[in-house]
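Shown below, as structure tokens, is a lone chain in the form predicted alone; questions about how it binds or moves come after it.
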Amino acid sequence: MGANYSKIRRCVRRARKLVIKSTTLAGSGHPGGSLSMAEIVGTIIFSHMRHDPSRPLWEDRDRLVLSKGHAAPGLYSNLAVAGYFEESEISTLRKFGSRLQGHPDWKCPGVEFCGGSLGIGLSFSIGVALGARMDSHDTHTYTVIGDGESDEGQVWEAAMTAAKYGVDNLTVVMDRNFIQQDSYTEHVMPLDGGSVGTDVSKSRSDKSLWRTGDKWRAFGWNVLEIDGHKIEQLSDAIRRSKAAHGVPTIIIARTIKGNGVEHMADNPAWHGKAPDPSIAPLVSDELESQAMIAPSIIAGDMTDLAGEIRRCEEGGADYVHLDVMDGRFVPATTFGAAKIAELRPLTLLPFDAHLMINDPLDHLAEYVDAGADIITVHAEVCDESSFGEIHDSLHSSGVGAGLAINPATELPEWAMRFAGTLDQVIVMSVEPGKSGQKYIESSHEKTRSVCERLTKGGFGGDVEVDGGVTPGNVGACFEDGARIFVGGGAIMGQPDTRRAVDAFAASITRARRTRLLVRAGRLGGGELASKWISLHKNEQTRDELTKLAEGAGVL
């Protein structure tokens, strides 16, 4: 994707947790819409926007305008992570005298627009973009609008104006989460093709009903429609928007309000309600527990890797795992950088390149140039000095840096010096280079130990487990602390990759729910566990949680 995917993901996760912290301490605020736009704002700030936190009024900066101003905690949290102010200041949200008011205010460094009444941020942004053009400033304006605020007529007056003047130094992102203050958008004023009251799940899934983009096209805009929680899709859409000349661009980013927190997700009750302080630690844990599923394409048809990439996409994979074997570090040989470069144009999915090769430093540039988003090398062929060069080179190239260890290898002490900036650590749970192996059971204890050591060292990345992972043991691997799971034969060796990925996801969900219930029991006994269960709006989910709690001895 050409930007530091791992960095964006790490920063967004931190920002999400700050949203929960700030709104909980304030006892008010809008967590739902802040969480739905987390990847949108994070991708803009940490990858595409030209800015300098040490000079917030730098004349040549790009601007980010938050039109949906009630989601201010989502803006403040990303600004804090970016370094505009100390993260501790997030605790002052909505306090008297604070720079962090309930709606964005210019007193806060990094804020470009005093958001209050909805519907006017786009008009303001057009003025900023036209002003930059008149002053011959090569700057770009990014604007985040809500779908609910698009009920306002001024949004459409502004849309006509931007098209008339060909404002191409403006990119608008609509946080299309389907919820506004009172209810679902399709129950209030439908933006898509259904009538008032159309079932929201149908509106989300049935593309034949998607009319929001058509409305903007009719107003003369360049329209891009994406999944607003997929960093790679957001980044690609922003790049494409900046390449469009003579026309403004809107990115319709379909999102889930409250995303990342199961009881908040797609729940109108969390439009403007803060978490209860007793629940907040569970929410924070849940945000740290998001998992990624990475099918390994070498477990599929090696004669048709392009087809295997398509199967990854069809299956709903988060990453494509690329096992590179040189026949020297491991006995097998797979493919190299040339094949990765050939596959790169076929998908936007992040490429997770696992280099099982000797002398990785000598070949690193080839894999960066090929388009890998995360590159992991083995501790067995590195020392502190060479890995330091690899680590720094990858980060300077906008690529995530990872370190892998074989079953017989312990995480080296020197690795802890990089813990704070490592993007991932792979724990091999089979012997590398040999197919058809079962998961080595001692890997559970090893993963727990690695996670504990890394956490103490300030690790902000993810531990990935690679080898013999199946729907039957992925839950236990999750409980060990791993958050990225490579599926070889258990996914790519199956005829239906969607069904296989869903089976992985279901096992991970059960493990995450159980973990949170046990934590609730430790913090507040059965009473807190029951309280947490009751927050989930779906009756079937509440029943499943109750059974898990009873099975874990929490209730």
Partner chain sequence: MSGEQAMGDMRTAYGSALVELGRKSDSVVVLGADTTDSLKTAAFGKEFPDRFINVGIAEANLVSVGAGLAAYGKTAFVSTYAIFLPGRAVDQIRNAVAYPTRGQKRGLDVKIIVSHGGLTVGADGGSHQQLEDIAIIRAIPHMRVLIPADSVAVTGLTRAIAAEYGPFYMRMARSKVPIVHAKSQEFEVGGAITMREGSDCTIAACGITVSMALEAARLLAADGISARVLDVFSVKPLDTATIESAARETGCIVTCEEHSVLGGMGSAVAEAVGESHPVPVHRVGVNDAFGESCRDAEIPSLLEKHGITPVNIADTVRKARKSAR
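As the structure is a prediction and not an experimental result, all values here were calculated from the model. Positions refer to the first chain, counted from 1.
Keep in mind that the form predicted in complex with the partner chain is not shown, yet the notes after this line are about it.
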Examine residue 408 and determine whether its closest non-hydrogen atom to the partner chain in the predicted complex is within 4.5 angstroms.
no
Heavy atom to heavy atom, is residue 161 within 4.5 Å of the partner chain in the predicted complex?
yes
Contact test in the predicted complex: residue 139 vs the partner chain, heavy atoms, 4.5 Å:
yes
In the predicted complex, does residue 476 come within 4.5 Å of the partner chain, counting heavy atoms only?
no
Contact residue in the predicted complex, from 449, 289, 154, 92 (heavy atom within 4.5 Å of the partner chain)
154
199, 105, 380, 313 - the one with a heavy atom within 4.5 Å of the partner chain in the predicted complex
105
Exactly one stretch in 396 to 404, 304 to 312, 318 to 326, 119 to 127 has heavy atoms within 4.5 Å of the partner chain in the predicted complex; which is it?
119 to 127
